[in-house]
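First, one chain by itself: the form predicted on its own, in structure tokens.
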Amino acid sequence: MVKADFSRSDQALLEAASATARKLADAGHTVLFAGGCVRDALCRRPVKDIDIATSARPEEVEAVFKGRSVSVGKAFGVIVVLCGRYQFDVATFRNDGAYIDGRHPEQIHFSCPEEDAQRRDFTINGIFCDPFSREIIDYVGGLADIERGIIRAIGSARERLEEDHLRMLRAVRFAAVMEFTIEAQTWQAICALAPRISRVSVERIAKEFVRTLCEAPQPSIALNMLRESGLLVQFLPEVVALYGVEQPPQFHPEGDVWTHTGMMLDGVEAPRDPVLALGILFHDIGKPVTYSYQAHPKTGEKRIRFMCHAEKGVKMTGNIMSRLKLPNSLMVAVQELVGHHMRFIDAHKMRRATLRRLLGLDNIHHLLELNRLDSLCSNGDLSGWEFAVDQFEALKDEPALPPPLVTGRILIEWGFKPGPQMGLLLKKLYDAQLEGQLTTLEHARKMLRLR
């Protein structure tokens, strides 16, 4: 008898889930651990949450956990049970009626474990285990598919994906994160139904996609699956446009923009910070629309060029992330990476004030990492990155951007009037401070020719 291995999981979480299951069992109900937690335990992966399935009806679950339950999903047979600092979704065994909105069943019918397993999405997620003995209960062949590394829809693949179109993205995420392959009929159904992903809310799409980008050991594999299936073009046509965009071979021997971007993403160990992952994904998003083959105005050398692609990319990134309804704070951080990703090339030529402003950016650590990967995954020239890192290290004992010595309030006290000219003056004084040319207020007064 195969047993689930929860040894790599939070034992306090497991104890709380087991205690919750025990109370249901003591009240005479059948109770099982279900879904993703069983899958992850079988794959010897850390379990982050535990779902519980039971024969108890919602009102019976509420009676067992009186005062410690929340009925947010009661219409679908789900009660949230609170146990110390943990909470668990406790779902009554059920089968589902027709799905009318591509997400929720029109009706549910309480049933038994065998029928409950059949309503789930993929075989790897349709496995149960006894919460006390840890013995596996598998009605859908999920254990065999885990052993073979296969993502397979339960029953008819087309029917499962029609029920909830987001399952197409979930299939890709599971395959990419677990390094499995998608079974042929399930893949064919995904390709056939890909346009229907546009019926899913952009919030759900974005959440699933960002998880894939951040969690997959090799995001390039996920991106290729999404492109080849026809899913990616439905919500990120700008990223699909990177495919086949040639780059000058002397700077990018690795190939087109798509290949370059995938290599960079693969170069960051999972789990990735969303700022860095999206920054990499979008850093060259402006290249397809700025592509040209022309002569350099000074040297006359003809080659592929992408004039102002970083500036164009900032605007495109904002439009994309707004369309996907991603958080504004995340968008601003990613735009910062996109807008500045080319600047380290000339870092050694910068005025000290300009360089310090660059090194003082909020996301400088992500920006430096993006630049390192950008160089490694192209011509391998790390000189700009190395110079920037050396300068950053030299400032480790002081802030790259110290507080301004001269403020607007001080200038007003010295007789200057507020307005645009004061702003320009403050910038000039702060630049002098960053350059090391301004160290005291008295020095500032001399610079302004004040007595």
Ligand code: ATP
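Quick caveat: nothing in here was measured; it's all calculated off a predicted structure. The first residue of the sequence shown is number 1, and the count goes up from there.
Keep in mind the form predicted together with the ligand is missing from the figure; the text below concerns it.
Chemist: Even though the partner isn't displayed, in the predicted bound form is residue 51 close enough to the ligand, meaning a heavy atom within 4.5 Å?
Modeler: Yes, contact at 4.5 Å.
Chemist: At the 4.5 Å heavy atom threshold, is residue 35 in contact with the ligand in the predicted bound form?
Modeler: Within the cut-off, so yes.
Chemist: Is residue 120 part of the interface with the ligand in the predicted bound form - any heavy atom within 4.5 Å?
Modeler: Yes, residue 120 is a contact residue.
Chemist: Please determine whether residue 196 contacts the ligand in the predicted bound form, using a 4.5 Å cut-off between heavy atoms.
Modeler: No, residue 196 stays farther than 4.5 Å from the ligand in the predicted bound form.
Chemist: Can you work out which of 340, 287, 366, 173 has a heavy atom no more than 4.5 Å from the ligand in the predicted bound form?
Modeler: Checking each option against the ligand in the predicted bound form, the one that comes within 4.5 Å is 173.
Chemist: Quick check on this chain: which one of 125, 212, 261, 317 has a heavy atom within 4.5 Å of the ligand in the predicted bound form?
Modeler: It is 125 that has a heavy atom within 4.5 Å of the partner.
Chemist: Honest question, do 309, 346 and 348 all end up within 4.5 Å of the ligand in the predicted bound form by heavy atom distance?
Modeler: None of them does, since no heavy atom lies within 4.5 Å of the partner.
Chemist: Based on heavy atom distances of 4.5 Å or less, which listed stretch (75-83, 332-340, 163-171, 134-142) is in contact with the ligand in the predicted bound form?
Modeler: It is 163-171 that comes within 4.5 Å of the partner.
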